[in-house]
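What follows is one chain in structure tokens, specifically the form predicted on its own.
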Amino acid sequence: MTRTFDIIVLGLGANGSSTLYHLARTGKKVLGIDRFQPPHTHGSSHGESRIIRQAYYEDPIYVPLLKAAYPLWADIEKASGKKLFQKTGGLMLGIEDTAVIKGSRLSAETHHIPYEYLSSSDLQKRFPAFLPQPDTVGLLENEAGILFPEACITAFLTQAVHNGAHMICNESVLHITPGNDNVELTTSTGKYTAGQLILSAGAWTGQLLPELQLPLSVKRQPLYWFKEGDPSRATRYLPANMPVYIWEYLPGRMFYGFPDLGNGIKIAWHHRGETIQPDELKQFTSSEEIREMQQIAEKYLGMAPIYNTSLVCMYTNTPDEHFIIDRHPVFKNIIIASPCSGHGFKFSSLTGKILSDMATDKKIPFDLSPFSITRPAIYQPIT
């Protein structure tokens, strides 16, 4: 028996859960489907913490979206009664001509975001958790901080169901059959149809739309937690003394991290990792990987790092590292959302609203053309 809905959201990670939450408030009959039980450790939206920041080194085009995302995070935090955000400030580190420094400064100045520009000596005085080289500078913005991803997803889904959304978990979609009037989903246990489908399946997006041959690469991304071995230095790594940060320590090579929220500092590489298939993801890190990151913590954070734990997530990358938020190039009742490439979580309070508004024919007050699925970096029509 086929169950029918107005709109189906496929994938309930950061963006899908937010989309279901916003759609549930429209009065539409909506269904969310996930192959696992979100929040879970099989995708890209787990690991205790995510950075949110506005002086966006990637491109100034993202800043208006970020400014709109902040109040929406406050809205879901209020609705859920759960703490979803903690302000710590955010520090971008590198030599003066690195992409992280130049790009952050460009975004800040383009969109009038207050910031402080700090020399190496300034950094050492203000933030003893960091050990900058003499040519290292920092850009500090005050409004940056931490989102708690598992709590955010739980809040979105709990409120979505409270507002009338249907949700099915632990059910894999095997095939999508598009049509001009309806889209049919065949799953491991049944069939569902809807007037519109919003596909937010993260690393599985390419597999679910093979006909588009989307150039999405999935990379394994380990996350590490270390405790400070010297108790006399432990307080320097607490949120009151250590902002979230991204450090471009060599041209094009970055790591990022968080203060100690109870499990030790969290630290990880940014845009580095082996290419995998999403079903191959395993929660395993080798002793060599752990030791390499320990050496980074020793050199740049001045720690005596004691390994505590690790997790592994995935980046789903586009060739230009910009998002995909657009309708299917042929079947306009399929909306494809891949706000991805390792920098999408912070936007999800807003992208869920944008996707909901797209599906309900509301005006979108943002220029989404940079995220078009038909831009040359993404889509080459089959001739």
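A residue's number is simply how far along the shown sequence it sits, counting from 1. The shown structure was predicted, so the numbers you read here are calculated from the model rather than taken from an experiment.
Quick note: we don't show the form predicted in complex with a small molecule, though the next part is all about it.
Asker: Of the listed stretches (129 to 137, 247 to 255, 282 to 290, 202 to 210), which one has a non-hydrogen atom within 4.5 Å of the small molecule in the predicted complex?
Answerer: Looking at the other structure, the answer is 202 to 210.
Asker: Could you tell me which one of 335, 350, 31, 314 places a heavy atom within 4.5 Å of the small molecule in the predicted complex?
Answerer: Among 335, 350, 31, 314, a heavy atom within 4.5 Å of the small molecule in the predicted complex occurs only for 314.
Asker: Give a yes or no on whether every one of 10, 36 and 44 sits within 4.5 angstroms of the small molecule in the predicted complex by heavy atom.
Answerer: So, yes: the whole triplet contacts the small molecule.
Asker: State yes or no: in the predicted complex, is some non-hydrogen atom of residue 51 no more than 4.5 angstroms from a non-hydrogen atom of the small molecule?
Answerer: Result yes; residue 51 sits at the interface with the small molecule in the predicted complex.
Asker: Is residue 171 a contact residue for the small molecule in the predicted complex, using a 4.5 Å heavy atom cut-off?
Answerer: Close contact exists here: in the predicted complex, residue 171 approaches the small molecule to within 4.5 Å, heavy atoms only.
Asker: Contact between residue 40 and the small molecule in the predicted complex at 4.5 Å, heavy atoms?
Answerer: Output for residue 40 is yes: heavy atoms within 4.5 Å of the small molecule.
Asker: Report whether the minimum heavy atom distance between residue 346 and the small molecule in the predicted complex is within 4.5 Å.
Answerer: Within the cut-off, so yes.
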